[in-house]
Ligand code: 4FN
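Starting off, we have a lone chain in the form predicted on its own, written out as structure tokens.
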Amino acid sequence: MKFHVLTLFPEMIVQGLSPSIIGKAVEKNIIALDAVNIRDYTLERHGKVDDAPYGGGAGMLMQAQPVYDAYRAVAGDRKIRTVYLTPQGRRFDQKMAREFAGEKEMILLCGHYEGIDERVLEEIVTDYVSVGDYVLTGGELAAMVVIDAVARLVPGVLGNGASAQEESFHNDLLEYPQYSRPEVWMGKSVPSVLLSGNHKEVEKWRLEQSVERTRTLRPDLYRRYEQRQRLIGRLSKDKRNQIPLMECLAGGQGRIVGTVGEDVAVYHRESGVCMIKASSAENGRYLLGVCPQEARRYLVSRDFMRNLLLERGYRELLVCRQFLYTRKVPLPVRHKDIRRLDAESLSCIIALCGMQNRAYLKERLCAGALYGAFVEDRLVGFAGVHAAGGVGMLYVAEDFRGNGVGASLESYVINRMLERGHIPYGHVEPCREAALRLQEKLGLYQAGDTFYWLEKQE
């Protein structure tokens, strides 16, 4: 991925990012960073790029011509996603970072003084983005925040094989305290549990510390955490059917948008999916009414909910059976050459399964959520984790079906989810008999409900 930054202070961008992990990724050609000096494109002989605003007022305004020419020097006649960093923009968050990570190139425009001539913004900007409700002296710091957040989602940037998709930083809990050598420093010892080698006890201690730290320092976050935990407890009484809601909440990605009695609607922010548990049509109507307008898809498990959505103009995508793996024991993976795929694998995936769902597969690749099986360096199959959290996207080349590649791929993904403390689950269409047999073979349990995926029609 390549970042172009249009700025009056290119050295600030380069020096600010070079010493970091981002700088190392640039050195390894995993990402590219191009800091473009807007002053190089001014027609004013003294290098001036600003002038007084029409209508009067304090301060100076960046002129349209040098900004536009700097943009054209980068983009030419191409349409490149161009982000203007401004307090008036959409609030930057992890969902937006993932969205940007799907681009091959992007331009970040850094304003100064009292801003930039509106005419050039209308001409070149595709996204207005804010990193917070405050004013900076320029857009460079904001641009570096965006680059850092986006670049680390590009496979290979973190450099340790960890997937940004699997991180659970946004679960409403502050991080637990951490310790390194020496074991005793200034009379203070490392907590004994961290030296025990008992990973289960270590994880338990870390959770307890995170909860207590959040309760003390951020009671607002703690209240949200408590609410989610209470709801997860209620949903666990019907675990096989409610596992998508439970996992969405447990991972901190789900926002409770409405409750009525024992029923609930949860919005999965990163995927744009609303999941609804409703015991009556009346409750279902209420919960649909409080779901956010930006929700693109719905996951429901009652015929009356399906019908309510169809009446509202949604179209049915899938009718599925739900399976979940409740054991803690990892599954055997017989096919040994399975690797995490990156954005460069998209052409291989298209060659394998065609153009269907290309944009979505690209998004999952950029999230580091797809894994491929290889035979002599040929990609023969892939599987991964959907944006909303379920195992899926399993596909095996026709000449390799029936020899265990699919079972190994699904087992591999399930094991990765187990490592992160998740309960793996997935959805399978009833007509896919081979996939249904595979779930039974791997020891997954089938839920009693039928599940419906519906999508908003554009």
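Here the structure is a predicted model, which means the values were calculated and not measured. We number the residues from 1 along the sequence you see. C-alpha atoms forming the largest set that superposes within 1.5 Å between two forms make up the rigid core.
In what follows, reference is made to the form predicted together with this ligand, a form of this protein that is not presented.
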The one option of P330, P191, G289, G132 with any heavy atom within 4.5 Å of this ligand in the predicted bound form is G132
Since exactly one of G368, P244, G139, G254 fits, which has a heavy atom within 4.5 Å of this ligand in the predicted bound form?
-> G139
Of the candidate stretches 259-267, 236-244, 196-204, 80-88, the one with residues having heavy atoms within 4.5 Å of this ligand in the predicted bound form is 80-88
G381, heavy atom within 4.5 angstroms of this ligand in the predicted bound form = no
Contact flag, E363 vs this ligand in the predicted bound form, heavy atom cut 4.5 Å | no
With the partner left out of view, is G102 within 4.5 angstroms of this ligand in the predicted bound form by any non-hydrogen atom?
-> no
Does at least one non-hydrogen atom of G284 fall within 4.5 angstroms of this ligand in the predicted bound form?
-> no
Within 4.5 Å of this ligand in the predicted bound form: residues from 113-128 (heavy atom criterion) | Y113, E114, G115
So, does L309 move by 2 Å or more at the CA between this form and the one not shown, with the core held fixed?
-> no
After superposition on the rigid core, does the Cα atom of E247 shift by at least 2 Å between this form and the one not shown?
-> no
Core-aligned C-alpha movement of E270 between this form and the one not shown, 2 Å or more = no
Check E363 against L141 at the C-alpha atoms and report closer or farther in the predicted bound form, compared with the shown form; the change is 3 Å or more.
-> farther
